[in-house]
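Listed next as structure tokens: two forms of one protein chain, kept apart as structure 1 and structure 2.
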Structure 1
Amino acid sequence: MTSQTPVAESPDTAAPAAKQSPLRRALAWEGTGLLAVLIAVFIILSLIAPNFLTAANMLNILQQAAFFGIVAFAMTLVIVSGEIDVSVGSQAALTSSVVAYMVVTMGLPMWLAALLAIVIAVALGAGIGWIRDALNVPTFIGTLALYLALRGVAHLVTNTFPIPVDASEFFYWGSGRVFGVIPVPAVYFFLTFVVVAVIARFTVFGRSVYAVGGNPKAAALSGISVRRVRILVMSGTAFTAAITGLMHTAQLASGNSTIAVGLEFDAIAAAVIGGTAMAGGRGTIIGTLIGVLFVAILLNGMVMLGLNPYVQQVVRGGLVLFAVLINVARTRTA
């Protein structure tokens, strides 16, 4: 009876019945509009920005995307589940500070320090997930508290001095190149993309995230542990934030409490530009990938053009809006 209804295939839903051509399906996909804008921006920058379109610069963009993109993937799951995490920047700063402190002042081996710092971050994230569920404290508030407190703790740990970490093999993990070509952070970036995309589409946990975000009561009645899902997604952003903190530490060869200011904004913006609904229940990892690349290309291109930094800010704001408008327009006509 309803077989003629043209409904956009969400890439997250198995669609054995739909008999659309691949092209039509691609066009119907919500992210198409954004992808078109991304390509347009890319072409324009290639034409007008000096040295934009070089292999080295492309790799450079990927490297820079990693520093907020890894968190953006995890953030997508958090937003899909109906939550938010504004603490990632402070988490990254704390990780960087704690790791350097443990290595330099306490003399722990790097791997152990990194492991401990990750454990701390994940425990904090899981804690926020737990009080969200057990005590009904919105994650916005829980992570806002962390946002304030952890930055303070990071400053206290380092005394706001950068703590130099002298380990050249560690530096490789932040600034090195695989085969002398591909920046190491870019590798993390794609690895994270693949892992999170697979989790989101092909695991029971990933699908539960969508169910919890779409209707927590229905999810609970279907036997999904809503609490477990919330704890896990919040641990996920904490984990990626810690990794980002480690990457910064490796890149700068020092532990810094001033890094990653505004990381939450970049990560959330990339996810939402990529089509993730703030209300929960909807979003794709591939959309976020496009959102991350969009932001990274834009930031790089504007420096390439030698734009005044304030004009850069204005353009950035305008394009966030524009990208979302395109996205929304596409969704509505689909």
Structure 2
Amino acid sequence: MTSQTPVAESPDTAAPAAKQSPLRRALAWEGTGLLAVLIAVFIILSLIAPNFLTAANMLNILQQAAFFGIVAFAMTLVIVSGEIDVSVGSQAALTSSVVAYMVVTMGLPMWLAALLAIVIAVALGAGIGWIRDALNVPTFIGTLALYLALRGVAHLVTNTFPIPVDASEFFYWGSGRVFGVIPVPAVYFFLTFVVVAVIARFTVFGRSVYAVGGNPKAAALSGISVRRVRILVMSGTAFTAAITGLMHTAQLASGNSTIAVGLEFDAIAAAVIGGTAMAGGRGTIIGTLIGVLFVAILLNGMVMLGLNPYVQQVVRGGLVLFAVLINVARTRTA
């Protein structure tokens, strides 16, 4: 008698026993609960926070969301692959500092300085991915080292003082408005969402990320280059962190080593709240989008309510803990 081991099917490939209605499928989606909470928080803040429900503030929320949401989308792929990146805030600060130094001190044109800063960031991210695979050093340790070292390098480059940048055409990319209405960073935000969602859903690489996160040994035996996947996902977060650093530089008209403090925690919290499993192998970009909007609306609401900045820090810390607890509960249920 021949026995067969049942093969688990993903929600995207499993054929339902019976055809479900669109409403039933929507209710079965794990992001439905978070979406309901997001709507509830939005309604509550609209009722109690002055000037929250205004067009100007809604656009402001989108702009704020862009500065960590872009990284959160790339972070989703990193976490799905079974890794983590806590260096993105320092990467953004280093990019901002290096760009300003190259333009002001070395006299390079802005476009070339920005390109070189992005290359440096991607190289550092790829290096961590290579170390993870070749030397089996956990990415948490590798990126924690970068988290400490890169912020220190940024402080050394700027001497902890902002370096003013005189490039008026560059400022549009951080503070400009498309058609005079939509913040340019919000456009980056939605473009990044579309690109990463397509990669995760419709490409061989995207499927490889999920396979590596689910079981790296099985993925390797099936012909997937685990090293390539790890290098690319770590390069992706480094790239988005560099873009965020450039947006900060354009918005502030200066290179600054103190920007993006806590960026990594906001990005990770948004991805985890959106349903990405910390153990790897599971997560969606649409879930992360909802998580980003949830975090952005909550942070904006606290400002609108005039909460003490230290209280806001406590809430942000609680949000990270809440995200982890939700993730643990989802993992146990699964």
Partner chain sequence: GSPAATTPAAPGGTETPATQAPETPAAKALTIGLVMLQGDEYFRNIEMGLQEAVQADGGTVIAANSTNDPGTEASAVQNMIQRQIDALLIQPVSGDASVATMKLAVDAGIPVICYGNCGGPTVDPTLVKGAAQSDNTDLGAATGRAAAEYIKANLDGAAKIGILNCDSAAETCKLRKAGFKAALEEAGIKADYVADQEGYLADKATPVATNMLSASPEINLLWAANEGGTVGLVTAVKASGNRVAVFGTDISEQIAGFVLAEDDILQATTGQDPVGTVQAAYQMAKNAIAGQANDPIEQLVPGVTYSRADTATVEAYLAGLGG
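Definition used throughout: the rigid core is the maximal C-alpha set that superposes within 1.5 Å between two forms. Model, not experiment: these values are computed from the prediction. Here, a residue number simply tells you its place in the sequence of structure 1, counted from 1.
Structure corresponding to the form predicted alone
Of the two, structure 2 is the form predicted alone.
Just checking, between structures 1 and 2 and with the core aligned, does residue 308 shift 2 Å or more at the CA?
Residue 308: C-alpha displaced by 2 Å or more between structures 1 and 2.
If the core is used for the superposition, what shift in Å does the C-alpha of residue 319 show between structures 1 and 2?
A shift of 5.3 Å.
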